[in-house]
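For reference, the chain that follows is the form predicted on its own, supplied as structure tokens.
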């Protein structure tokens, strides 16, 4: 599933390509991806409106229009954007497209159709994102803040930092990587993490996300944009030697039902 770096990459690319363009038509091929609108309502609200910004919140790519309307796209496993002039993006996986005033079309493609394309008013959007945790790349995400969060929970630390209501944007890949960097066992009870360890974990989360954004994310299976996969120290390296101590990286599903990779020697 695309996490913060991958969605950030999508949003930055799309902003450069469509900012300032006006929507002149809306065609919905697969209405089951829509939330908050019917095809007719989407057309009524978006046609004639100018795209003013594309940005990211948590794992959402957000498209702002000059009317105040917002579309939030959650790509999940296989969602992606294609902007084209020739019609090549309109394959069987195109769920909908927006026709733009310069002759191009913005397609939202989703092979498995697990993602969503949701229309919001400004008030609806604020209510929706108010339930999400803070952004890990903003100034308010400090070691002290993270320590206080961890101290309030007996949950394993990995699923806690992946909880989007507690901290936005961190998913399975980057939780595993950050915990490896901080030398913290992902199965440890969150409240056993010391203040110093929380500082290290905060720094690890920020650094791994920032480095991945610089490399346009991690290419694994369905997402095929980024080069960060070559930099992974834990995720997807089961059976390979730990880059710190040489112990084989372990894969387990016992912590939270997800694939968790860690070093049984380094991470305590």
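The shown structure was predicted, so the numbers you read here are calculated from the model rather than taken from an experiment. Numbering follows the first chain given and starts at 1.
FYI, the form predicted together with the DNA isn't displayed, but the following is about it.
Enquirer: With the partner left out here, check for me: in the predicted bound form, does some heavy atom of residue 59 sit within 4.5 Å of the DNA?
Expert: Yes, contact at 4.5 Å.
Enquirer: Is there a heavy atom of residue 85 no more than 4.5 Å from a heavy atom of the DNA in the predicted bound form?
Expert: Close contact is absent here: in the predicted bound form, residue 85 is far from the DNA, nothing within 4.5 Å, heavy atoms only.
Enquirer: I'd like to check something about residue 164: if you look in the predicted bound form, is any of its heavy atoms closer than or equal to 4.5 Å to a heavy atom of the DNA?
Expert: Although the DNA is absent here, residue 164 would touch it in the predicted bound form, with heavy atoms inside 4.5 Å.
Enquirer: Please check if residue 154 has a heavy atom lying within 4.5 Å of any heavy atom of the DNA in the predicted bound form.
Expert: Contact with the DNA, yes.
Enquirer: By the heavy atom within 4.5 Å rule, which residue out of 147, 93, 125, 141 makes contact with the DNA in the predicted bound form?
Expert: The residue in contact is 93.
Enquirer: Would you kindly say which of 258, 244, 17, 248 lies with a heavy atom within 4.5 Å of the DNA in the predicted bound form?
Expert: That would be 258.
Enquirer: Of the listed stretches (177 to 185, 104 to 112, 193 to 201, 133 to 141), which one has a non-hydrogen atom within 4.5 Å of the DNA in the predicted bound form?
Expert: Going by heavy atoms within 4.5 Å, the stretch is 104 to 112.
Enquirer: Please state whether every one of the three residues 172, 235 and 253 places a non-hydrogen atom within 4.5 angstroms of the DNA in the predicted bound form.
Expert: Spot residues vs the DNA: full contact, yes.
Enquirer: Let me know which residues along 56 to 84 have a heavy atom within 4.5 Å of the DNA in the predicted bound form, or say none if there are none.
Expert: Heavy-atom contacts to the DNA in the predicted bound form: 59, 74, 76, 77.
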